[in-house]
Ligand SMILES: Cc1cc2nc3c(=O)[nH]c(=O)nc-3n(C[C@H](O)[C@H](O)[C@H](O)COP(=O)(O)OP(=O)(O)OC[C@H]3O[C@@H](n4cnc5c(N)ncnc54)[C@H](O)[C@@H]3O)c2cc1C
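Take a look at this single chain, the form predicted on its own, given in structure tokens.
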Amino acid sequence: MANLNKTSGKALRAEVAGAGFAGLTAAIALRQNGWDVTLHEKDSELRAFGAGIYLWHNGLRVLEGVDALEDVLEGSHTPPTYETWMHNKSVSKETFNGLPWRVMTRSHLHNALVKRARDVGVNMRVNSEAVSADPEGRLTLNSGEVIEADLIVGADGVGSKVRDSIGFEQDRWVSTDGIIRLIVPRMKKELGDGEWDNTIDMWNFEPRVQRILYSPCNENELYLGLMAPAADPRGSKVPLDLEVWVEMFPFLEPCLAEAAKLETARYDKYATTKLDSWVRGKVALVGDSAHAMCPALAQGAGCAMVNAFSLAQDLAEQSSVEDALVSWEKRIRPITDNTQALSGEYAANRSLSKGNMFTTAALQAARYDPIRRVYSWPQ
């Protein structure tokens, strides 16, 4: 099929709303395929929000495809195992049959993508918020400026104004649990003996429901995800209620003491968004604007990046933007839908507490290779 940029005789123009992982990936991949790309960020600077992040084989292959993998591997960490504890006793250790995975700070990943976007010539505008779009290819900014484009990518998050201005039908629901995500010093020496290079998923159901996902990002930084029901005022309190967490996880007191100092801590309930479609005319939605999901399978960012990268692939293979977007959604959406549904089920049932829950189905998205468009590492 014809490459759009080659058949048109000029570089096509893409406007990308939102400079998170999905928006940056889409911008880089499109630019690598010859598009003129402008990335709009509503804040005054390009920076990552949140704490830590997991990337699996699918996300790492995207990084390879946009030539940012080397920067991300340096300063991130692959734990020897993913270990699950119940009531402070190990119940499973999973290594995923050699499937690549990586833990890092969100800022580390974001910085690498921003650097790559600059290197390939993406035009990045801060203080530039997209407030509406239409399927004909017009993007309206908060300044009142209206931009004509061949493609608009809505990567502006769960509260997407691109999405809502067009009127995509959506279902949204929130689970009973939520999480406090923090980056603290490793404190490995203070923790004493133990396999503290592992990811350790620590669950307790008595005397209250509390979970800590302990995730080393590198030699110096530790990502902590502290889960508690929204109905628990002490478990969901921010800044952290140190006493209630140390009572359940006394061996982590050095790290929890550091976490309790963080005034910027935030408690977020697990949320899911499912749309009738991800495309309308010349508009495509990627990331949380299209498919926010519970974090149980750690695939929110991975699916977002795969979908953004795949969008550029399909646009390089079709003779019209509209046809490419329809083809893209049909090709790539089932993986995300399956992952979103299972992740929501796992979160609702707290299934990961059982251990050994990263089944073939649970790793469907993780095993996908978006460059070769095949599944790797069958279980």
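We number the residues from 1 along the sequence you see. Being a predicted model, the structure only gives us computed values, none of them experimental.
Just so you know, the form predicted together with the named molecule exists too; it's not on screen, but the next bit is about it.
- Within 4.5 Å of the named molecule in the predicted complex, a heavy atom is found for none of Ala26, Ser107 and Tyr214.
- Think of it this way: in the predicted complex, the named molecule has a heavy atom of just one of Gly157, Gly235, Gly137, Pro79 within 4.5 Å, and the residue is Gly157.
- This chain is displayed alone, yet in the predicted complex one of Ala117, Ala301, Val279, Ala228 has a heavy atom within 4.5 Å of the named molecule; that residue is Ala301.
- Heavy atoms within 4.5 Å of the named molecule in the predicted complex are found in one stretch of 248-256, 129-137, 67-75, 86-94, which is 129-137.
- Contact annotation: Tyr54 falls within 4.5 Å of the named molecule in the predicted complex, judged by heavy atom distances.
- The shortest heavy atom separation between Ala14 and the named molecule in the predicted complex exceeds 4.5 Å.
- For Ala19, a non-hydrogen atom is located within 4.5 Å of the named molecule in the predicted complex, even though that partner is not displayed.
- Put simply, Tyr270 is close to the named molecule in the predicted complex: some heavy atom of it is within 4.5 Å.
- Taking the named molecule as it sits in the predicted complex, the stretch 165-185 comes within 4.5 angstroms of it through a non-hydrogen atom at Ile179, Arg181.
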